Every structure is written in C-alpha cells, then in structure tokens.
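First, one chain by itself: the form predicted on its own, in structure tokens.
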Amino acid sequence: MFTPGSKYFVGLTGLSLVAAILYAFLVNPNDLGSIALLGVAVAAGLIAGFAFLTRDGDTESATESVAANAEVPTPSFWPIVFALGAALTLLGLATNAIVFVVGLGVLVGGGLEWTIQNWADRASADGRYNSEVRARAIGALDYPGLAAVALGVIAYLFSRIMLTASKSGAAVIFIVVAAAVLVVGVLISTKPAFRGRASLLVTTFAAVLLAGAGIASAINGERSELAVVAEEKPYSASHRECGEEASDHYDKHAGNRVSSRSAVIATVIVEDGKLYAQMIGLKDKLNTVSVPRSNVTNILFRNLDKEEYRLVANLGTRTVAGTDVVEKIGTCTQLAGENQEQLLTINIPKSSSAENKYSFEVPGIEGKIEVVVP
C-alpha cells in the first residue's frame, strides 16, 4: 500500500510529532523548539502524502512510461524573478515609491519572459527547436534588457561608493577604476589568450568586488557633509532667507549670470545706492512696474554697486488656515555682487489694490518699486 518513498516520510512525520509532544510537555510548550518540530512534522507529512499519491513516480502502463521519459522542458528562473517582482511591489506599497516602481518593472518583465518561455516549451517535443522558437520571439530583447538592468545596478552600486568616499578618495577611486577598465580592454583586444577563462575570472572578481563595496557603502551611508545637506535640505524654499545678510544655505554657489532672458519684462537696478527699474525697450528710470496677473513673469535684477544686494518681492499677505495669524508672502533672489545679475520669477494671482499692495525692494537700499497688477 505504502510506496518506499512515502514510508520514509511517514516515519519522519511520526518521529517529529512525538519529539514535538515530548518537548512541549517536558521543556516548554511555548518555546520555538516545539513549534519548529511541529513544522517539520507537517512538512514531512505533506511530502509523504504527495509521494503516496504519485506512487513515487512509478508508471503502470506503456503510455505512462513514454510520458515519464519525455524530454524535460528547459529549466527556467523566470518564476523566481516574477515572485521577486511581486514581493518588491508589495514592499514598495508600504515603504517607498521607487521600490514600488522597480518591483512593478521586475514583475512585468518576469511575467512576460515566463509566458514566452512556457509558450516556446510547448511548440514541439524537441527542446532545441523550442529554444530557437523562443530566441526568434523575444531573443532580440533579452540582451538589451539585461544590459540595461546590469548597467543600472552598476551605476547604483558605484554611486553608493562615490557618495560614501571623501572628495579626494572619490577622485582616486574614479581614476583607478577608469585605468583598470582601460587596461582590461586593451588586454582583451590585443591578447587573444586573455579572452577566455582569464577575462571571465577578472569580470567575476570585479562584479563581486563592486557588489560587496556597493552594499557596504549603502549600509554605511553617505559621507557626513552630504548627510547634513540631505537632512537640512538647504535649497528648499524654507531656507530662502531674504534679509540683507548672506545666507549659509540659499546664497551658496550663486550663479550671478543670467543666460536665459525669455519673458523678462523689466530690469531692477541698484546703482550708486539708488534703486530704479527699466521696462524692456525703454531707458527711463521708473519707480513703478506693471506686471500681468496670473502669468509667470521674470524680473531681471542687476547690481552695479560694490556691495552685495538681493532683490525682494513683497507679494502681499495671507491668513494661516484655521488661525488669525497673518503672514507675509514674498520671494527673493540670491545675493548678487558688483556687475552681477539674478533672475526673479513671480506669479501674482490677484490684482493690486488698497488691500493687495505689491512691491520690489532691496534690503540695505532706501526706496521701493511699486508693482501694479491690472
């Protein structure tokens, strides 16, 4: 009645069950040991049941014998890739959008490859012909797709290394890696003997080294100054300090050169300690500028004095939701030095009035430029 294979697993099931009962009564019923032994008993029991139902794969007729000895389909790892994509997608739903997108890509790619693989395996009884069918169907996409994935992984791991290393260390690493790639490329192209096992060993060693260094760098995190920048977000609007003094964050690495002058309707100038404006196409010095309503508008700020100044746009006030607190609305440029320029982009949704007054000013310079919004 019982097949030879099922007998072994039935015995293992009984021994594991007895051990679990003894462990629960003699040691601790709530301990992980009893749970583990019960798990072994359940697993062995399932395998015993499968072995009994399939009769250990024995055949009882010539037809079953032929089917049992048919050529086995090509082993495929795409189910594992598909399962990995599903796991990453679910993980991304609970953690990060990037993980979700990557998981979705892996899920779709693995599912497509798995489908094509199963379709090709059923094309005929000849495994070689089935491989050719699959290659004709999707082979042209395999190498570019795998190359893109490999390059993405390499770029990510290398970026983790460069972000963890110091500035001088990163430069040294980049030079060494570039030199090594050049040397290996020259050897492969000039030494035919290097194209076989030697190049495979070098590639494998480089891949293992990159994976280990990249994972270790990712765990270690970015170097201290980059971690501080990522935490404080110095270039966010919250650090847009519009005072007369220089800002540690907002004024760092100011461009002070305006290459694109599209949609500039006026230029605000500081000259000899005085503030004035000029409309595009006119040379008159104005103290009033007209700005269109609900349009993105660029104002050019030019400093002709030796001191550093910034242009500040006062765009009215607003009430904080749910409170009686009134706060000012505005924006500003970075500090501009002598003969330097900055571009200020504004969008005013409401017309100017007695309640809504808009203006441009430069901290440290007397006077304002009234902004009129029709």
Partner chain sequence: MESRNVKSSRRRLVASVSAIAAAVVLAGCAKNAPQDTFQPKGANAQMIQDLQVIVFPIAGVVGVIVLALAGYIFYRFRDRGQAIPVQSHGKPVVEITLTIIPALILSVVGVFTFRTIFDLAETKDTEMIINVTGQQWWWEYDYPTQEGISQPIITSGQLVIPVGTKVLLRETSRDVIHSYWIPALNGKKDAVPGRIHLLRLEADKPGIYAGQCTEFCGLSHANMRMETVALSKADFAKWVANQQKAYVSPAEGTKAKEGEAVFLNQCSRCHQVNGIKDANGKAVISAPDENVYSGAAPNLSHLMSRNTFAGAMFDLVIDKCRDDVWNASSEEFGAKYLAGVSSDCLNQKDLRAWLRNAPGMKPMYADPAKLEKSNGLYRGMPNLGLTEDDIDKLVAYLITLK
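Bear in mind the structure is a predicted one, so any value in this text is a computation, not a measurement. Residue numbers count along the first chain shown, from 1.
This protein has a second form, the form predicted in complex with the partner chain, left out of what is shown; the following refers to that one.
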property: Contact of Asn298 with the partner chain in the predicted bound form (heavy atom, 4.5 Å); result: yes
property: Contact label in the predicted bound form: Gly39 to the partner chain, heavy atom within 4.5 Å; result: no
property: Contact flag, Ser159 vs the partner chain in the predicted bound form, heavy atom cut 4.5 Å; result: no
property: Non-hydrogen atom contact Arg293 with the partner chain in the predicted bound form at 4.5 angstroms; result: yes
property: Partner-facing stretch of 191 to 199, 276 to 284, 174 to 182, 120 to 128, counted where any non-hydrogen atom is within 4.5 angstroms of the partner chain in the predicted bound form; result: 276 to 284
property: Asp142, Val186 and Thr204 each touching the partner chain in the predicted bound form (heavy atom, 4.5 Å); result: no
property: Option touching the partner chain, based on a heavy atom within 4.5 Å in the predicted bound form, out of Ala218, Leu104, Val264, Leu112; result: Val264
property: Residues of 7 to 22 having any heavy atom within 4.5 Å of the partner chain in the predicted bound form, listed in sequence order; result: none
